[in-house]
Each structure stands twice: as C-alpha cells, then as structure tokens.
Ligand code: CAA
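For reference, the chain that follows is the form predicted on its own, supplied as structure tokens.
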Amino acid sequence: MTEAQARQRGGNAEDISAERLAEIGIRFEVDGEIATITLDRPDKRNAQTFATWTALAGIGESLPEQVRVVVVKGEGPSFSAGIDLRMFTPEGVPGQGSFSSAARGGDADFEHSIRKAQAGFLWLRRPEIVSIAAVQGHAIGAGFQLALACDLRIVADDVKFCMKEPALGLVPDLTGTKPLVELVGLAKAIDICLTARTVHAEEAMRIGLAEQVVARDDLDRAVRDKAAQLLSTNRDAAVATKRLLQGARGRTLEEQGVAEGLEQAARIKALFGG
C-alpha cells in the first residue's frame, strides 16, 4: 500500500454525511469488514450525476481501515440505468450543471471534471479491498462502467448490460474501456460498445463479464456467500496476491516470478520472522 493509500484508509464512515448521501441518492453502510454502497434512486433507475461520482470518490477516500470487501448494488429493479438524462438538457441537474455548461468551459476544466468523476470508480480496484458488483436489471452506460470498476460481478438472471455512450455521441469515460477489453477481448469489446447492444445474463457469463449468474431473489445471498469466502483467507496474503494478479498483465513471466518472490519473502518474514 502506498503512503497516499494509507492516508485514504485512515478515515471513518462518519467522515461522509449520511444526510448528504441520501440527498444524492446513495446509502453507505459498514458491517465489520464489509462495506455496502447502494445506489438509491429506484424511481430514476439509479441514474447517476456528477454528485454521484463525487460521493463515490468521497466514500473511497474515507473507507474505514477494517473494510476488506466492498459491495456495490442498486435499489429497486435496476442496478443503474446510466447517466441522468437531465445532464443532456440545457438546464441540467440543479446545482450540478449539464453537458452544455461543461462544453462552454475550458479544456482544462473539463478534463479536471472527468478526472474527479473517474476517481469515484478507480478506488474500487485498490489491492487492499475486493469489490463486488451485485447487478440486477439494467446496467447501462455509467451503470455498466460502475460494474466493470469492481473486481467481481455477480448478476441476476434479468441483467441487461449495455454500453450506450456511442449511441448518444459520447465515449465511455468512467474507466470502463480497459476492464472491458481485459475481460472479453478487443473484438468483443468493439462489438458491445459500437453496436450499443444489450448483453444478457447467459452471454455475460459465457464471455467473462460475470463470475456468477443467479436467480433475482438469490442475488443478495450469493453476494453474502462470496463475501464470506473472500474473508476466509489471510488478509495480508490476500492483499499481496491481488497486487500480484493486477500487475501480471504488464510483466513478463520472468518479471512476474521476481514479483512473486518479493511478495513471498515479505509474507515469510511476517509469519515466521519472530
């Protein structure tokens, strides 16, 4: 863990106002080593706004030290139907602006806004946690990318993944393109994105988008079971192993062997060094 990450993990749940999160449409709960983030705008199919992404980043910054598993879910029939469509109107979302207002700003300001939004997604891959997306119904655009930001996706049999941005004249910019390509390959990612078609549960499982497909009524139980399995392993070994796995794609076999040796040396010293 870097020094910056260590500082991030030093917060606590009280650092984020539950009332403010409720206004945005998010619930955040911590039960021991498991944190649950619930998108809670079911009447809007959990559509996301700039405030959603800022709140997600804030949760990551103040995540309690003891948390090892983070579950991301959506209230109601949909995980998330993507961007709040008011952002496409001149009026936008009250207090948050719109794409029109963003387009009138400078390039540096717009790039900064995108980086701030992406921060709400990037922390879900930190090695010291494992993130699980519990996905039912629609996971469209930003909703699809939020699911892709997580390490694991457990989905209901009614799931509908769709990368809608190209159909709206946009590109996926919430860090979803890299994990999508890594999961399904370049050709399949092009097919999914440039047709903006829907990927249903059976295909999601077959191409690697989902680790498990369950009946809708069994989704919560399946996520609880997976969290329990993840918590059954040694915490420090789990962090080190995830770090190795995340770095493997960018290393040669020999380089990965060296990385494994360094991590194992640290583990042996911690366990048997006296």
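It should be emphasised that the depicted structure is a prediction, and the values quoted were computed from it without experimental measurement. Residues carry their position along the shown sequence, with the first being 1.
The following text describes the form predicted together with the named molecule, which does not appear among the structures shown.
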item	value
Any non-hydrogen atom of Ala81 within 4.5 angstroms of the named molecule in the predicted complex	yes
Contact test in the predicted complex: Asp173 vs the named molecule, heavy atoms, 4.5 Å	yes
Contact label in the predicted complex: Ile140 to the named molecule, heavy atom within 4.5 Å	yes
Glu65 within 4.5 Å of the named molecule in the predicted complex, heavy atoms	no
Residue stretch of 128-136, 176-184, 158-166, 199-207 approaching the named molecule in the predicted complex, non-hydrogen atom distance within 4.5 Å	158-166
Listed residue that, although the named molecule is not shown, lies within 4.5 Å of it in the predicted complex (heavy atoms), from Asp225, Glu29, Asp236, Asp43	Asp43
Selected contact from Ala47, Val69, Ile37, Val213, since only one has a non-hydrogen atom within 4.5 angstroms of the named molecule in the predicted complex	Ala47
